[in-house]
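In the block that follows, a single chain appears as structure tokens, in the form predicted on its own.
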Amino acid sequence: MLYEINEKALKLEREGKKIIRLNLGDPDMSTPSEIVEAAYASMKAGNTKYSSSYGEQKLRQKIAEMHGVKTENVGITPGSKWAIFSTIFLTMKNGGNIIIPTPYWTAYDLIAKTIGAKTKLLKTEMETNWKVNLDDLEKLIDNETKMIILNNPNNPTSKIMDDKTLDGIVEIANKKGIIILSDEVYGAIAFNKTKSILDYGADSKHILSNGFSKTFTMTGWRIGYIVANKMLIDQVTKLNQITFNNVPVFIQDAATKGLELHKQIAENIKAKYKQRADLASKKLGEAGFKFTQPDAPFYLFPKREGLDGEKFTLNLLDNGVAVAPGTSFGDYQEHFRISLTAPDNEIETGLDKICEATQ
């Protein structure tokens, strides 16, 4: 229903209705001017031709240095979504199943089903701080399980997985010979330190997916990357060669400029979204919603006992505010997701309307 809400919001906007868009994780802040200028300069320099399907060496080297791996362990993709798709496709194309803790970003499940893989959803609950139960995880694993997908920090809860739980998941995966695909696209802008899957050794079979969309407000630029063992990077590159071939070089040059300014840009994003998260937490708390405090931008995942989340979301949209129902992220009928990715004044108005809607 996530995409249905978005389409309805677009339709209402075309009809002239003002909609406060709190339904998508698309930052309202502009791409930093230095990144835009770097892309322009690269285009003017003639960097508009075919290039390596691995990605530009300079960008790969910078990413490798940032994560403490070799350049051969990095592949550039058109957004982190392609990194995730290609990894799932290459790992699961011959069958098997994937375990995904919920709530989750729906694309994981949709991608898996598109290529004929089965998914096993492992439900977590707000009341236990969204913690993965390791015993339940191990019980879900069978001889057809090939992958566990983690999203850390998580969309939609904005919670960081605690180190002990992550250690336990990695230990189980290693014991069972299962690959972990860790989507860490919110990690660099988390309010608190996030342990990476790469902290367990860059030479393992586990995989990091990341991108530039969130940290650098480059959602429309479509550039991401994968960090994995060389064999998988080579396989992903072969898939790149027969599909999109390469991310435009001028976009890669812009991303390289972003990495040069990484600390400054990430700190600015964190500061802005921490203010928004604090405001939202205050208003929602006063209105009686239950939720876990966000550890990262951009989301809150409130709950109200007895709420019909889908009906609530549709009624709220008619009142000019778009949010996403909890059922878009798993079996969470009483929840909905708020994305704090609109201008500050719109966020405040939207939050007030959300709180008023349950009075």
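All residue numbers are counted from 1 along the displayed sequence. These numbers were taken from a predicted model, which means no experiment stands behind them.
From this point on, the text means the form predicted together with another copy of the chain, which you will not see here.
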## Note on the structure
Residue within 4.5 Å of another copy of the chain in the predicted bound form by heavy atom, from L307, L317, M43, M66, is M43
### Query
Ok, P297, P325, P27, G330: which has a heavy atom sitting within 4.5 Å of another copy of the chain in the predicted bound form?
P27
### Query
Out of 264-272, 173-181, 80-88, 122-130, where are the residues with a heavy atom within 4.5 Å of another copy of the chain in the predicted bound form?
80-88
### Message
Although the partner isn't part of this model, could you tell me whether P101 comes within 4.5 Å of another copy of the chain in the predicted bound form, counting any heavy atom of the residue?
### Response
no
### Query
So in the predicted bound form, does Y200 come within 4.5 Å of another copy of the chain, heavy atom to heavy atom?
no
### Message
Considering non-hydrogen atoms and a 4.5 Å limit, does another copy of the chain approach N246 in the predicted bound form?
### Response
yes
### Query
So in the predicted bound form, does any heavy atom of M92 sit within 4.5 Å of another copy of the chain?
no
### Message
If the criterion is a non-hydrogen atom within 4.5 angstroms, does every one of A39, I111 and W221 touch another copy of the chain in the predicted bound form?
### Response
yes
